[in-house]
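Below you will find one chain, with nothing else, as structure tokens; this is the form predicted on its own, and questions on how it binds or moves follow later.
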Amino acid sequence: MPSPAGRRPNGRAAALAQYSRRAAHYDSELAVFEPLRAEAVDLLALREGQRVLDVGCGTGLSFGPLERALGERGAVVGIEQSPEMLVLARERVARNGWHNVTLIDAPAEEAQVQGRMDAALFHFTHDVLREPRAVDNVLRHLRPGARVVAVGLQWAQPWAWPANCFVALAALYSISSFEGLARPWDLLARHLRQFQLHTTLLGGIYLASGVFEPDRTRD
């Protein structure tokens, strides 16, 4: 499905403005996608004591499922550039008494993480996945063999017009550019082996997973 006329990459300012407006209602907006979040965390195949990056962590909705998988000896590092989202994420961490969650206030392309991580989660982070510098920086902080999972919107086949209508409306509200919406995961997939792609909503939502392999390039 072609991009709506006039939609062009708007950069960080547009994303910050979008999430500033959405922060107060973000949790309720994403409630319908919670089964996908659970499936994504399951695909990470986390073990107790591991360390995981939650890229574009928003208000911290993934922290609970990640904590249950990692246990107290594990660690979650959330990367988020929206001040309004970070306030809510910090409140969630304090409310639950999670002492093993670190929040990094930075765009994904600039975030610096101590040590190598065992996994990375991208949950509805289209803008991050379409920024090569962001993808490269996140992968730079993973150990070889780390599990990577991404979930988000994508264009379905042309015949699946109900799905594409949903994708278009959701994208207008949640991403700064329609660029790459046909294959939002392709920059990430180049660096992964055992890459798998599953779709739902008639192909309008994808769930991609694989294992990070440094210097791997996919055609």
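Numbers follow the displayed sequence, beginning with 1. Owing to the predicted nature of the structure, the values given are computational and were not obtained by experimental measurement.
The same protein has a further form, the form predicted together with a small molecule, not shown here; the description that follows concerns it.
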- Message: Whether residue 58 contacts the small molecule in the predicted complex should be assessed with a 4.5 Å heavy atom distance threshold; does it?
- Response: yes
- Message: Against the small molecule in the predicted complex, would residue 130 count as a contact residue? Criterion: heavy atoms within 4.5 Å.
- Response: no
- Would you check, heavy atoms only and a 4.5 Å threshold, whether residue 166 touches the small molecule in the predicted complex? no
- Taking the shortest heavy atom distance, is residue 82 within 4.5 Å of the small molecule in the predicted complex? yes
- Stretch from 142 to 150, 94 to 102, 122 to 130, 68 to 76 whose residues place a heavy atom within 4.5 Å of the small molecule in the predicted complex: 122 to 130
